[in-house]
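A single chain, nothing else alongside it, follows as structure tokens in the form predicted alone.
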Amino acid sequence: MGAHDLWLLSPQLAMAALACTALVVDLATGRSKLVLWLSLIGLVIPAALSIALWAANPADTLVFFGAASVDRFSLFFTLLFTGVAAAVIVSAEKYASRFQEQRGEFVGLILASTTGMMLLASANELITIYVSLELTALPVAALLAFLREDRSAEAGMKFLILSGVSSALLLYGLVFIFGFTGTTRLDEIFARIGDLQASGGFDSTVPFGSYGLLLGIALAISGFAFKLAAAPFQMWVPDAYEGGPTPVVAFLSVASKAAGFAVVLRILYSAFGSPELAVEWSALFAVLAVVTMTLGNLMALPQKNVKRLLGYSTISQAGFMLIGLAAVSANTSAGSLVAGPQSVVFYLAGYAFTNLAVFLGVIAITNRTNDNTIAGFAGMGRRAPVTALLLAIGLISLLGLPPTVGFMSKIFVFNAAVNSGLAWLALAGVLNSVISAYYYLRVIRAMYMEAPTSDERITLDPSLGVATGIAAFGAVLFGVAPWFLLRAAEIAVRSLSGVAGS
């Protein structure tokens, strides 16, 4: 590995070094609050390095013998992960009093998982993908059990076991893909499949042209569905969200989901981006999208616990994002090759602002009330007017109402589906958005139309207030003026070999 490789991997290396530094400082000083703020300031380094690499836009992005590709696609997600990690660390300043003695470990595990996500977004090789995925998931399993309560331990154990099952499915799928193509690099897999298609090595009567490749892709998608919280591998989400520490749940719902979609986008467009294969996985993701968002919305309707409700909400939101994966230009000549992946990346960025505003608002309120039920949010419009407003903005964005980024995200995803000949899928998304209005507006109704259970005012912690305000401001800003974020998403997806030059 030369200097050029070190330069390209500098954001990931800086994040890994920061994680180790947090643990060492905590061990040496025992001052967990110092570790928390030192880590927060240290996140400026990987963010600055990512911006510098984005501006430099190096021609040769492959590093470590082609195992990773540090292009603008991976840099976009690196900046996203860094911002989410910063928000989670800020939110944990007060919440971490529940595990005061493990604050240093908490920060170190957050940063370690973030490192895995950064590597996952840039992975260009099957083994690298698997190792990065494990580095992402294992710290989260420990973090979910941090409260050392029965529900928290249950959340961590369920996540760990089901993560192991999904990893096994993924590994089997990757083995079949390797066996069929004879290589583990994504760009070489694309070339080998192209050679087989040109030489008549594919059977047109079999999905994906071969039973071996079909099985490999099906198993790989099943493994990744766990990370995406997509049906039928979403069963861990409600229990993990309800039992885990709320800052960890926020990290899981935003950063982990973004990492999952990032690696799936890279695999699909870099390895299986040929028009023939695109039609096949488009149909698969269209079915998964409808099942996922419908199941998530219907199961959210009767929920009384806000964290559990948000767990089902994140399942339904995954379904909306899957619409973008199903929207490929191979379905119709009128489609744009960029529109589908661009809409997904834009949705993920907007979802980060939206969901952080919601979870940080929930943390600010429940830290004082210790009540995660919807009834516990009654009258918060009077008791905590600023926090309630920021939380309401996030919920309105999740619902997809203007002028929020959630509205624009759904517009772009539905438009990509229609342009790809999947108008029925866009219609299913619209109907599911209507269903979701019931449970999102139920929380807002409790905050503004129900009598408070106490007259005690709830003040917003300054640091948490700044983080929540930034998230809510971003949710509104990119709803009113989405063009900057949309252009950044377009530049990012054009780095993928399957859409380059389109």
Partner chain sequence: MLELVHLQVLSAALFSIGLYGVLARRSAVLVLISIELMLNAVNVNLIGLGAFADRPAESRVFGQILAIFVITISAAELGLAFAIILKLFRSRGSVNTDELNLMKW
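No experiment lies behind these values; they were computed from the predicted model shown. Numbering follows the first chain given and starts at 1.
Below: the form predicted together with the partner chain, not depicted.
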Item to complete: Have a look at Gly421, Gly164, Pro403, Gly212 for me and say which one sits with a heavy atom within 4.5 Å of the partner chain in the predicted complex.
Response: Gly164
Worksheet item: Looking at Ser256, Ser282, Gln303, Asn432, which has any heavy atom no more than 4.5 Å from the partner chain in the predicted complex?
Response: Gln303
Worksheet entry | Interface membership of Phe178, the partner chain in the predicted complex, 4.5 Å heavy atom rule | yes
Discussion item. Since only the chain is shown here, I'm wondering whether Phe202 would be in contact with the partner chain in the predicted complex (any heavy atom pair within 4.5 Å).
Written reply: no
Item to complete: Evaluate Phe146 for contact with the partner chain in the predicted complex, applying a 4.5 angstroms cut-off between non-hydrogen atoms, and reply yes or no.
Response: yes
Worksheet item: Taking heavy atoms only, is Asp371 within 4.5 angstroms of the partner chain in the predicted complex?
Response: no
Discussion item. Quick one: Val24, Ala48 and Ala86 and the partner chain in the predicted complex, is every residue within 4.5 Å by at least one heavy atom?
Written reply: no
Worksheet item: What stretch, of 248-256, 75-83, 389-397, 179-187, brings heavy atoms to within 4.5 Å of the partner chain in the predicted complex?
Response: 179-187
Item to complete: Sequence order please: the residues of 276-311 with a heavy atom within 4.5 Å of the partner chain in the predicted complex.
Response: Met299, Gln303, Arg308
